[in-house]
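Next up: a single chain in structure tokens, the form predicted alone.
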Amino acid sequence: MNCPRLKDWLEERYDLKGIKRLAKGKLIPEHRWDFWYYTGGITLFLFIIQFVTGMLLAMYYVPHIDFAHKSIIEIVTKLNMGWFFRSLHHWGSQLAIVFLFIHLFGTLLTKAYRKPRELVWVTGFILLGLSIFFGLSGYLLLWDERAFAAVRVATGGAGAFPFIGWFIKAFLRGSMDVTGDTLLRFYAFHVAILPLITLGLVGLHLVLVQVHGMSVPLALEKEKRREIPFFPNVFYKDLAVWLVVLGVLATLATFFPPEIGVKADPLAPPPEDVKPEWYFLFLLQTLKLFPGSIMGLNGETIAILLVSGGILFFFLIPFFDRKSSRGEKSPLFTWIGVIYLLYFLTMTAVGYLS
């Protein structure tokens, strides 16, 4: 079937012209900060890369403590282009979380969360949390000594949360310690539960963006600006940006493939200077600021409560910032956003260099 006949066949059954009119009718505001719009599209593109490469790797990975580490080595050494797809999956996850943070802080500083877009912020924030859990669960699947030690520390830290910490730790581990049950549970999270939830939330997030349209920064809302059609103007720009990101991703995957550590031994002492993934470093450094005991209370528990409170406040900012919702300037929340950003960057850098 040639292309014209295929096109006619589709048009007889689906309203392709209506879809084209909808795409051309969608207008995107053009202004000096509109580059923030592309960070969301880049994140979506990287999510697609993760789903495709993840499905390929899942066909050959064996989620068992006796074979998990060996199966990764065989993927890298024996499977045709296996090393490349594994490296692509690794770097894709890193870049996806980087652009998620960029998109989140861009939304925060431009006040794109303001009324009526509160639920756009909420779904995006939850997607960031899911992505971090994706990273944690995928990290353990390596089943090397560093991943094993890092996940043991991360899940043990969750146990410091008052009242429900023991339940969170037991739920994540599947037992009292990090064992084969934990590996199987994290595998289920990584390839089944989290993807299903993520697909639903991404769909809802995109629908909400279509309903409300693209937000204009509060400072530019009263300025004159022109709007350009999404298709083909913005659509082709998105494709060009995606190609650049794909080139960067392929370069990182080719020249900096992730290493495979020594197979985990639950009875062996943890290796020296174990660090979690970079997006957990700010939390690790925060915990180090607190002594073991404060006025008879557990210092780690107090630190966990303060960090949780800070994250909860961050999550609820759209509901606290009433001025932005009324179209008024809110410098207080701008400074709050800057402080959050500087704290995250500083603590991450200190944790990486220490």
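All figures in this text were calculated on a predicted structure; none of them were measured in a lab. Start at 1 with the first residue shown and count on from there.
There is also a form predicted in complex with protoporphyrin IX containing FE (HEM); it is not shown, and the following applies to it.
Novice: Which residue, 276, 92, 124, 157, is the contact with protoporphyrin IX containing FE (HEM) in the predicted bound form, using a 4.5 Å heavy atom cutoff?
Specialist: None of the others qualify; the residue that does is 124.
Novice: Looking at 65, 44, 27, 303, which is the one with a non-hydrogen atom within 4.5 Å of protoporphyrin IX containing FE (HEM) in the predicted bound form?
Specialist: Checking each option against protoporphyrin IX containing FE (HEM) in the predicted bound form, the one that comes within 4.5 Å is 44.
Novice: Among 57, 69 and 184, does every residue place a heavy atom within 4.5 Å of protoporphyrin IX containing FE (HEM) in the predicted bound form?
Specialist: Judged in the predicted bound form, none of 57, 69 and 184 sits within 4.5 Å of protoporphyrin IX containing FE (HEM).
Novice: Within a 4.5 Å heavy atom cut-off, is residue 286 in contact with protoporphyrin IX containing FE (HEM) in the predicted bound form?
Specialist: Answer no; every heavy atom of residue 286 is more than 4.5 Å from protoporphyrin IX containing FE (HEM) in the predicted bound form.
Novice: Look up in the predicted bound form whether residue 117 has a non-hydrogen atom within 4.5 angstroms of protoporphyrin IX containing FE (HEM), and give yes or no.
Specialist: Because a heavy atom of residue 117 falls inside 4.5 Å of protoporphyrin IX containing FE (HEM) in the predicted bound form, the answer is yes.
Novice: Is residue 36 close enough to touch protoporphyrin IX containing FE (HEM) in the predicted bound form, meaning at least one heavy atom pair within 4.5 Å?
Specialist: Within the cut-off, so yes.
Novice: Check whether residue 162 has any heavy atom within 4.5 Å of a heavy atom of protoporphyrin IX containing FE (HEM) in the predicted bound form, and answer yes or no.
Specialist: Taking the distances in the predicted bound form, the answer for residue 162 is no, it never comes within 4.5 Å of protoporphyrin IX containing FE (HEM).
Novice: If we take heavy atoms and a 4.5 Å cut-off, which stretch out of 188-196, 73-81, 175-183, 101-109 is in contact with protoporphyrin IX containing FE (HEM) in the predicted bound form?
Specialist: Only one stretch passes the 4.5 Å heavy-atom test: 101-109.
Novice: If you look in the predicted bound form, which residues in 199-235 sit within 4.5 Å of protoporphyrin IX containing FE (HEM) (heavy atoms)?
Specialist: Residues within 4.5 Å: 202, 205, 206, 209, 213, 214, 215.
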